[in-house]
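The form predicted on its own is given below as one chain in structure tokens.
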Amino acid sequence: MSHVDDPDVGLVPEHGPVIAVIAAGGALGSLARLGVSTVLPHHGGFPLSTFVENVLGCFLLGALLVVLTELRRPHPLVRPFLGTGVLGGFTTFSTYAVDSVTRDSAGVAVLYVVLTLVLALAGSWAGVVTVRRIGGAR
């Protein structure tokens, strides 16, 4: 058995639908991120669009995971489409990393790094708590 044919190691034909929905979701999430970046462009200073995308994306991911794991039994492709694809394409922690080291001001860079980290974690928690309260889970 070759590496490619081993279902525990390589890509198998059954992975095709998962890869397709992740790609489609990623395209949609990236377009949404482009929309936010167009509305909130940043030219130096505080990178507001990236900050909003990451904090909002973390909130939505927390909310989504509660819906998918506690409230509904969705189709198996919903989580990879919405979580990995759409929200993975919408959030951009690689841009966060680049933005944090390319700020002209060390103060802005530190503020950006700390605020993003704290509010992204708080956003995830808020998404979980909000959906649990609305949906009646746990």
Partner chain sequence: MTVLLVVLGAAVGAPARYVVDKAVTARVAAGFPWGTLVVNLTGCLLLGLVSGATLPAGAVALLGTGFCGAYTTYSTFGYEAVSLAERARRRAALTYVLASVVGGVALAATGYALTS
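Keep in mind that this is a model prediction, so the values were computed, not measured. Numbering follows the first chain given and starts at 1.
The discussion below concerns the form predicted together with its partner chain, not included here.
Proximity of Phe46 to its partner chain in the predicted bound form falls outside the 4.5 Å heavy atom cutoff. Using a 4.5 Å cutoff between non-hydrogen atoms, Gly26 counts as a contact of its partner chain in the predicted bound form. When its partner chain is considered in the predicted bound form, Leu31 lines it closely, a heavy atom lying within 4.5 Å. Among heavy atoms of Val113, some come within 4.5 Å of its partner chain in the predicted bound form.
Residues of 95-134 that come within 4.5 Å of its partner chain in the predicted bound form, judged by any heavy atom, are Thr95, Tyr96, Ala97, Val98, Ser100, Val101, Thr102, Val113, Thr116, Leu117, Ala120, Leu121, Ser124, Trp125, Val128, Arg132 in sequence order.
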